[in-house]
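First structure 1, then structure 2: two forms of the same chain, each alone, as structure tokens.
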Structure 1
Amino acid sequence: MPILLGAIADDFTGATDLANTLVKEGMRTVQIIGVPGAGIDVGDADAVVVALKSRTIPADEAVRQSLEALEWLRAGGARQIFFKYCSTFDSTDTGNIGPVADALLDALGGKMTIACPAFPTNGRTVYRGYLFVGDELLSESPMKDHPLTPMRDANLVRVLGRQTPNAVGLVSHEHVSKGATEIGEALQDLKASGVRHAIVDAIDDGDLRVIGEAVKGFELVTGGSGIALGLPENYRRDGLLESATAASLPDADGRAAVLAGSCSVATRNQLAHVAEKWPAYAIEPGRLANGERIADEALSWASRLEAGTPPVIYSSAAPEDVARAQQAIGRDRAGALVEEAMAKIAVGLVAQGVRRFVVAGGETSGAVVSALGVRALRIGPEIDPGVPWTEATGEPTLALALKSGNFGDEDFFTRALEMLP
């Protein structure tokens, strides 16, 4: 079966967020890590999300990677392409949203696309072209001080206008509130006047669904994960998608382990909770810097546990301990040493028969996934908002729950593993 929706996301967690939305809306979804190469099998996926790391790289490189991903997705049959970026429109005047959207549209031979970052569930709404984060304008929100992409203008028509030589227009909420036909007409009017990118207002999920309906025939749709809400229904109406396919759990039999490299409050609470149930092993960056063989020690400790007891291995520490380690070894070196150790431990655990991993921390997850050679993830059911179980296709099959540090309730680790049969 050909892919229905092919998506290109400009970062890893954003890709997972989008994949998770598509699964909840009934599309079987596979997430691919990096520009897909030969030999990747996406099985019976209805949607494929390619996770790039292209948000803040030079624009020409972001364009190149996005076009490569596009070519692969089209070869797989994708009938519609989705370019996913952050719901706070993270970008600078040199890109990368405008340049990538222009390049994709050119390659697809399209005349116009929409740009809709709205994600009302997370407080991101667009009204009269202005992006709000909760009650604040984007330009007054903490995003104004982002280290890489400071957002100092909330008017998306202007922001995108600085990133593209093409005309940018607006479909305002007056049109959106009247439904899909009215939105379609407003888009046609903009197209006739030469607009190539239409910012579209959206203040709730109902808006996102009707916008999704209105862009049915568009070769390219761009936005946050929210705007993907309304797309699956178009395929369902055309008889291309079975009515709501339930997401299935990963099929990976074997021991389980928890690896935590996030120092966030949520993760530290989750560790305190799980420590009452399972034994835990702490990794100290200071000892890694001394050249001690901590990964081997942790693996030997894990191998002595009873088969049914998941090892919990963590580097997570309180802010004062993290600061002390960073002062002594340097911030980047401390992070790199911990990530390297976690990666080595993950590989060693697989050799011990571990097939189910819960990993806490975005960077930590990246290090683990790359050490394990994972190239594609089939997205399963959600554990907590924004965190699905996934199945890493390849040999051996692995069940992975990759959690951004601050996500999940206190009992996340135990509950995640209890979900698996």
Structure 2
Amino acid sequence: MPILLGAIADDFTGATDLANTLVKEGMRTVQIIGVPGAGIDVGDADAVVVALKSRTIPADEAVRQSLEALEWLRAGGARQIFFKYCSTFDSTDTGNIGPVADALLDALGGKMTIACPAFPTNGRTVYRGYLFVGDELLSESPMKDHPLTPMRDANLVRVLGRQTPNAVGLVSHEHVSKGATEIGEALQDLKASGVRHAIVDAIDDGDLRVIGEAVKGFELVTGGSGIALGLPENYRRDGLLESATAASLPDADGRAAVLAGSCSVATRNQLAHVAEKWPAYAIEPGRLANGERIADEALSWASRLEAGTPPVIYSSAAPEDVARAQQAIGRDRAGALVEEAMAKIAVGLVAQGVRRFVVAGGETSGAVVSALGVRALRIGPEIDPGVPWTEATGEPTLALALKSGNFGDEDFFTRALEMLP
């Protein structure tokens, strides 16, 4: 059967988040790492999520990769395309959400799409076009100090408007609360007035489900993973979606390790929670910039730990420490050095017998998965909202929990590993 939903995600943890949502809603889902090449077999998947590492790369390169992924998904028969980005709309005034959405829409021959990053389960809601993180505006949340994409404007109409030459409008909650038909009419009115991108309010899962129903006929849907709640039912109503088997835990025997690169408050709290339980090793960008062999040191340290003790290796730091490192080294170089070190450490840990990884942070997850040569992931059961266990195809069998920096409760690391047999 051809693919029903083809998704393009701008980072690896976001892709896993989306795949998790689709699995819970009854779609057999495969996650592919990077632009798919020859020999990728998705079996009987109803949905395929292509995980790119395109959130913070130059916009023209993000567009190129996204269009290549689109071509592959369309060749596989995908009936609808979903461009997935973070529920905190991580981007800058130059992109990459606007440029990629425009390019995909052009390639699909579409006239209009929606943008809805809401994920109420994790506290991300959109009201009057403003994005909230919990009770705070995005611009007043810790996201304002994100090291790569500081978000200092919570008005998504303005934010997206600075990224695209096309008109951006709003479907307010007044319309959303009245159901799919009302949403559809509001979208048609905006399209008639020349709007190409419509921010859509959503404050709970019920809103997301009716929005999904309203965009059934759209060539392209864009948003966070939450909007995917309403898409599978469209296929089910048309008799295209069969029942799926329950997700199973990955079958990976071996040591466990935690790698954390996110500087989010959530990840730093999770690290603090395990500080007295498991030994930890800090990766410092300044030492990397000086040419010190930090990855080798970290691997040597990990090899000396007692069997059954997971090493925790992290570069997470407070915003002021990140700012100092970026000022001394340069933002891009600091990030690249840390990713390179984490990638080398991941490969070295596998050589030491580690087969179970919990990885925090989208950029870190991308570096780790790429270094390990993972091409596809089978999606397993959920650990916390937006974060499932996954199993890498190929050899050796690896269990991977790829966590967006902002996701997960304080005890996420310990609970994740306790789930595995």
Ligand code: ADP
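Heads up, when I say rigid core I mean the largest set of C-alphas that superpose within 1.5 Å between the two forms. Sequence positions of structure 1, starting at 1, serve as the residue numbers. These numbers were taken from a predicted model, which means no experiment stands behind them.
Peer 1: Specify the structure that is the form predicted on its own; exactly one of the two qualifies.
Peer 2: Structure 2 is the matching one, since it is the form predicted on its own.
Peer 1: Core aligned, does the CA of residue 59 move at least 2 Å between the two structures?
Peer 2: Shift of 2 Å or more: no.
Peer 1: Taking the rigid core as the reference frame, is the Cα of residue 254 displaced by 2 Å or more between the two structures?
Peer 2: Yes.
Peer 1: Cα of residue 268 displaced 2 Å or more between the two structures, core superposed?
Peer 2: It does, since the residue 268 C-alpha is displaced 2 Å or more between the two structures after the core fit.
Peer 1: By how many angstrom is the CA atom of residue 394 displaced between the two structures after fitting on the core?
Peer 2: In the core superposition between the two structures, the C-alpha of residue 394 moves 3.9 Å.
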